[in-house]
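A lone chain, given as structure tokens: the form predicted on its own.
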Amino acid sequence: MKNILNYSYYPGCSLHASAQEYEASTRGLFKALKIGLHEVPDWFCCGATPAHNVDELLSLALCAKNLSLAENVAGDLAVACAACFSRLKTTQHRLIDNDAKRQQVEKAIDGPVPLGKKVKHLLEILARDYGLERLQSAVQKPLAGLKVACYYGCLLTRPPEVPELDDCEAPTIMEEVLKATGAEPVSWSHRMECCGANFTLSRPGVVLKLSGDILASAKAAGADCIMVACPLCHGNLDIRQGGIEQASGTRFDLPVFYITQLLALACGVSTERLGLESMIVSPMPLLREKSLL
């Protein structure tokens, strides 16, 4: 059956490695919604969070070359990872109005830098291109009774002039998409606070403190779970949760879902395709309690 919408698709490194459940659930959800994702051939790492701290030209060149490769695939460029989304959008923003920098990058990649293709996060595609009403109509298993803390983190909406996804300080796009499934987003204080990002290896104590505060805020707000759009945030809140509990002496037991895992579950995608078994904090007791399995 013909797809309703079609996009070129940049998965990024994490979705092919540590965040395979994000990739699997994205594929499953978009197939169920009849949204085509056509992977960019020969894509490679965008530099994510480390490259721009080491070498600006390298960071811009990595993203520029990926944007060049994406020109070979029709449709706006769909991106799932918040870090990849941020870097690709930042590169476009930096080079559109800076001819000198653009020429420098073009010399580095030995070719032109096409900057006209729209880069869209999955949230934008679901909320605006596909539409909330259509998304709600696609729900087969409403997530009624599930209270979710929508976690934006640092990169989805900031800095304000780069992502242009939603209001940089008071976004609602995650909550709007979630409400289409019948779940209830909770109001909480830490939905845009930093989790510690890539300090997870170099300064784990910072991650334990920052991520612990996020988990505590979500728990205090009555959330059953947390929903994220970033593999690094997911790792800090899910993989580190046991260590955070040990350090703080507080039991959180909060499963951390990717947005596409919850949406795919609501849209009738088999749980076998959602990677739920990969989550360190098992979601199975919660989903059984809410009669969602």
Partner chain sequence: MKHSKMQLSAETMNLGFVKKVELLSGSSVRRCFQCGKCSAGCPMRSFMEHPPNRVVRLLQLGQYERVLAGRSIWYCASCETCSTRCPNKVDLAAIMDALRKLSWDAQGPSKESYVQLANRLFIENIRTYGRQYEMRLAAVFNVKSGQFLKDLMLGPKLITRGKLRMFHQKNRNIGEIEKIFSRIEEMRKNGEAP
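No experiment lies behind these values; they were computed from the predicted model shown. Numbering follows the first chain given and starts at 1.
Beyond what is shown, the protein has a form predicted in complex with its partner chain; the following relates to that form.
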| item | value |
| --- | --- |
| Ser189 within 4.5 Å of its partner chain in the predicted bound form, heavy atoms | no |
| Contact test in the predicted bound form: Arg94 vs its partner chain, heavy atoms, 4.5 Å | yes |
| Touches its partner chain in the predicted bound form: Glu56 (any heavy atom, 4.5 Å) | yes |
| 4.5 Å heavy atom contact, Pro50 to its partner chain in the predicted bound form | yes |
| Complete contact of Lys179, Cys267 and Glu289 with its partner chain in the predicted bound form (any heavy atom, 4.5 Å) | no |
| Sole residue of Pro112, Pro204, Pro142, Gly145 within 4.5 Å of its partner chain in the predicted bound form, by heavy atom | Pro204 |
| One stretch from 73 to 81, 179 to 187, 120 to 128, 98 to 106 that, in the predicted bound form, holds residues within 4.5 Å of its partner chain by heavy atom | 98 to 106 |
| Contacts with its partner chain in the predicted bound form - residues in 5 to 42 whose heavy atoms fall within 4.5 Å | Cys13, Ser14, His16, Ala17, Ser18, Gln20, Glu21, Pro41, Asp42 |
